[in-house]
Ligand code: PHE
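Read the single chain below, which is given as structure tokens and is the form predicted alone.
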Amino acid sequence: MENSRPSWTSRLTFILAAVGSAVGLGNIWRFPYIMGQNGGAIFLLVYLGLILTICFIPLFAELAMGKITKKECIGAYESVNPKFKLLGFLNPLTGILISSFYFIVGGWIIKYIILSVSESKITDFGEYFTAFTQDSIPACVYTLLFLFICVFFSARGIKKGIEFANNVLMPLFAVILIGLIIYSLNLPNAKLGLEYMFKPDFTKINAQMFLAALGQALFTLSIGMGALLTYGSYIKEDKSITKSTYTIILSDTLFALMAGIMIFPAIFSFGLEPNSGAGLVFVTLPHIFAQMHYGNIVSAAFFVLLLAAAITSGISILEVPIASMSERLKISRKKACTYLFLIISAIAIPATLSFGALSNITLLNKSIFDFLDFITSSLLMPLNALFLCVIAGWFLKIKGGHFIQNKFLSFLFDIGLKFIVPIILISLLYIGLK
């Protein structure tokens, strides 16, 4: 084990890692179909308003709590008050449960990269996707392969593993994304997709859409799983997190917008529906790629892009339980990664099989995969974010005056952290559990 706590090599490497944590499947996979299901441009407008005003509050609080305490999640909560130790355990638990279904999607991406470069001719991508997810052994192999890739980088530590992965994958992600945007904007009827994204219909605004936008904002920024707290704990004492907070939010928002600009013009160019749901990436887009000139190349580039996003986010999710296990149990990082690989495998394999061999097993009338998604995104993440705001605002006493010069804006931050964001999170919990 290292004699001292690791830290980021530079502010840039921290920014790349934090942006890599935020910019993942939430931007490329989840954002376009959630936007498509909630009115297009008006959803985007509400989402941007929330992410730039409300969501920076818990994001800053999480980074600040990590930097101040210099501990992993359990230790950070315990250092504020020993009674909060149990609440700290919820963060690594959330990370393990998210990994157990999120990494299944990562396995699907690897499969689709291979499919893109093969010579196979598929006519019905919906049928193909269903058949693949129900084919138990190959699906499990791809899940474990993606888990192994993320654990491999994590086991190498902060500098050789996490920083290296983000320093390579995030620039690659940006280059491929820009290339795909240029290609998409040159498709026929691309203008219709841009109008859908940027021409709001105010009649479609409602409370459910507002909550969907807020839930997406929290999900995409990785708030409520302890990743940013853990990354914040690696920030050197003399480094400010104020600029970093805004950089993370603006970068994440930019990538979400770019993902929409890449996807919606293609959807409208081929006359498909933008509200096709979670199957957008694995059913609708492959159908579009198959009709394009050089579609196999575009498809391969897209799924490599998606894999890069999934790996950087996956590494950040793993870092929460890895840091907690290695520091609490006083074991090496590699040993913690080995234990974690076995723990996640034990949950992820049944979740993978829930599409096939274990499809008859349900929890709260949901498949194992859907149950893990529900319990993390609708319960644990908002609950963790709620506890974070209460502890940071009322007990650690993080104040806007620490980083905002304007007294009025500082006052708004304090009110937001102590009252507004907790009330909104309670509302999200109530809606999610109805």
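For clarity, every value in this text was computed on a predicted model and none was experimentally measured. Start at 1 with the first residue shown and count on from there.
Heads up, the form predicted together with phenylalanine isn't pictured, but that's what we're talking about next.
Peer 1: State yes or no: in the model of the complex, is some non-hydrogen atom of Gly39 no more than 4.5 angstroms from a non-hydrogen atom of phenylalanine?
Peer 2: Gly39: no, not in contact with phenylalanine in the model of the complex.
Peer 1: May I ask you to state whether Ile368 is within 4.5 Å of phenylalanine in the model of the complex, using heavy atom distances?
Peer 2: No, Ile368 is distant from the partner.
Peer 1: Does phenylalanine come within 4.5 Å of any heavy atom of Phe219 in the model of the complex?
Peer 2: Because a heavy atom of Phe219 falls inside 4.5 Å of phenylalanine in the model of the complex, the answer is yes.
Peer 1: Can you check whether Ile317 is within 4.5 Å of phenylalanine in the model of the complex, heavy atom basis?
Peer 2: Ile317 belongs to the contact set for phenylalanine.
Peer 1: Just give me the single entry in Gly393, Gly26, Gly66, Pro58 that has a non-hydrogen atom within 4.5 angstroms of phenylalanine in the model of the complex.
Peer 2: When phenylalanine is considered in the model of the complex, the option within 4.5 Å is Gly26.
Peer 1: Which one, Phe146, Phe303, Phe268, Tyr102, lies within 4.5 Å of phenylalanine in the model of the complex by heavy atoms?
Peer 2: Of the listed residues, the single hit is Tyr102.
Peer 1: Is it the case that Ala227, Ser313 and Met381 all touch phenylalanine in the model of the complex, with a non-hydrogen atom of each within 4.5 angstroms?
Peer 2: Verified in the model of the complex; spot residues all in contact, yes.
Peer 1: Name the stretch: of 26 to 34, 393 to 401, 48 to 56, 368 to 376, exactly one has residues whose heavy atoms fall within 4.5 Å of phenylalanine in the model of the complex.
Peer 2: Contact criterion met by 26 to 34 only.
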